[in-house]
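Okay, so here's just one chain, in structure tokens, the form predicted on its own.
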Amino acid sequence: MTLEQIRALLPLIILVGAAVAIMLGLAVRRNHAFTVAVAVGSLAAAILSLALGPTVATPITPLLRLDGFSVFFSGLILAASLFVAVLSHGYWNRRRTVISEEFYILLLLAAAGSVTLTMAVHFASFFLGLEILSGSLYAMIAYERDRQAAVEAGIKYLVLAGGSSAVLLFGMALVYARTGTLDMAAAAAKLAGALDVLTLAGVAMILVGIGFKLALAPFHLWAADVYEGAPAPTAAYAATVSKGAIFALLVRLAAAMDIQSNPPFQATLAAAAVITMFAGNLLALRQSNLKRLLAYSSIAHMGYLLVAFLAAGTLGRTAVGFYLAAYIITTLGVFAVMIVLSGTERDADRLEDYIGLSRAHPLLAAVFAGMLLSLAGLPLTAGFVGKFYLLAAGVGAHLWVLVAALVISSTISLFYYLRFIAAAYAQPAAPPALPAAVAMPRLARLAIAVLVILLLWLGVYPAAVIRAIQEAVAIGR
């Protein structure tokens, strides 16, 4: 390998090296603070290595490619992983009955799998990155092994994700049988737009496997139960990093194989987008559990992203990049408030946990409300600008049915977001019985402050970020 290729691989080398270092360190002595420091430091170093890496597109063996697209999405994934690691420190400190250090090993490995997905240009690296991510998530979901709900959620995710991986792998096998190659670009060149029954079945199975991972309707039924049973930091990770990495891979795969211009796939994905938007929002309407609400909300947001995905082109990819950034920031912000409020026995995921929050903790209530309003797409927030770009991409591609579905389903979402905001600003007769765990560590305060700044910055002055994304999403540069 050349020096440039090694520089391009540095983020993965740092993440895997840090996971091994923590593992070896735990064999000598357990120290939660030191483990968090290594995890946070390695994630920060991985982000820095991206900034200092090659400035031109660099192939790394036939399996991976570092270009502007992978740099942007890898940076987004690593930054989100860093926020989850920081917020996990106080959370696991309160759960003193749980041995917490191994959680950060799993988090780093999941981040490595996610980064691999953003760089993958070959079906082998695609599947390898996906399984590293999924294998780490199984354990992260069931990490509190003494809690029945966590183990149940882990088993559900294991069974369904394993089944979807099998479908995905069979689809790759069919594409290989037709083309004789696992390289995405080479396979697309051999097909040259002429898709026979074998190839149609293979690509369809790959899309079904990805649909399971993204919880697109009708493959969404696992999401709410898994989010509810998982520890709050794991649910935050699954809702943001996991979804972002897989959607980035979907965009690269579609660009290589020109999926959006194929009528059968375009019609199928358009129908899936409409069903996903309405299913996510309608199922969230009556939820009183915040984790389940965010699970259904994430389903709807993946449907929104499919509008820009089907629009394709530079505007479509820019809309996908910006909306994913806005979605990750906002969802992490909501989970950050939940993590801070969570106590020693359970997570603060019930509606009653937030009644009167503004009286007890006005700043947290303001952050909570701002993040939920951004998810709803109200002005002066990142979510508003993100939805504007989704609409612009849909209108530019004349996807009128999808645009109408996006507007109507977004309006429906206002109800369940405002329900939790109303609870936070309600004035109960008696002081709310909120957990006493609101003494936030300094790092958690800093993380929440940065998320708020990013939320407002992207909502008020998004031009600089949009220009950077436009340059980054030109795949191959």
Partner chain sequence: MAGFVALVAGRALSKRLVAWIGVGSVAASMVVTLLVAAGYFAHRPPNGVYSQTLWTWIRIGDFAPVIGLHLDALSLVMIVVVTVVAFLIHLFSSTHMENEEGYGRFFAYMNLFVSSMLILVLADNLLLLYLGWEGVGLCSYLLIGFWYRIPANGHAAMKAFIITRVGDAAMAVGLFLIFWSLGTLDISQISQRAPQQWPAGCGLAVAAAALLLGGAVGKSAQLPLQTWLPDAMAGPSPVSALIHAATMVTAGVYLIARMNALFALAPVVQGVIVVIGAATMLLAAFSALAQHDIKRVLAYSTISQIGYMFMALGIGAWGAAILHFASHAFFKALLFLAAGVVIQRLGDEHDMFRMGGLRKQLPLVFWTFLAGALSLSAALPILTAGSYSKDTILTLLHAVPGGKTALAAGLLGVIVTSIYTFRMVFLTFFGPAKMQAERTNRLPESIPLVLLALVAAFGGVAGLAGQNANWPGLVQFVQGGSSVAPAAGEAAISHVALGAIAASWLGLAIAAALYLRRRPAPAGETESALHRLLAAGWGFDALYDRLFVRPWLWIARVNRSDIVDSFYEAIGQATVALHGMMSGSQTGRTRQYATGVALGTILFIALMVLLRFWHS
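Numbering follows the first chain given and starts at 1. If you're wondering where the values come from, they're calculated on a predicted model, not measured in any experiment.
Although not depicted, the form predicted together with its partner chain is the subject of the following passage.
- Looking at its partner chain in the predicted bound form, residues Ile22, Ala37 and Thr97 place no heavy atom within 4.5 Å of it.
- Only one of Ala272, Leu214, Leu310, Leu341 lies close to its partner chain in the predicted bound form, with a heavy atom inside 4.5 Å, and it is Ala272.
- A heavy atom within 4.5 Å of its partner chain in the predicted bound form is found for one listed residue only; from Thr268, Asn289, Asn93, Thr181, this is Thr268.
- Listed stretches are 244 to 252, 369 to 377, 77 to 85, 156 to 164; the contact stretch with its partner chain in the predicted bound form is 156 to 164, by a heavy atom cutoff of 4.5 Å.
- In the predicted bound form, at least one heavy atom of Pro218 sits within 4.5 Å of its partner chain.
- Shown alone here, Asp196 lies within 4.5 Å of its partner chain in the predicted bound form, counting heavy atoms only.
- Its partner chain in the predicted bound form comes within 4.5 Å of a heavy atom belonging to Ala463.
- Although the partner is absent here, Glu101 lies well away from its partner chain in the predicted bound form, with no heavy atom inside 4.5 Å.
- Residues from 221 to 257 that approach its partner chain in the predicted bound form with a non-hydrogen atom closer than or equal to 4.5 Å are Leu221, Trp222, Ala224, Asp225, in the order they occur in the chain.
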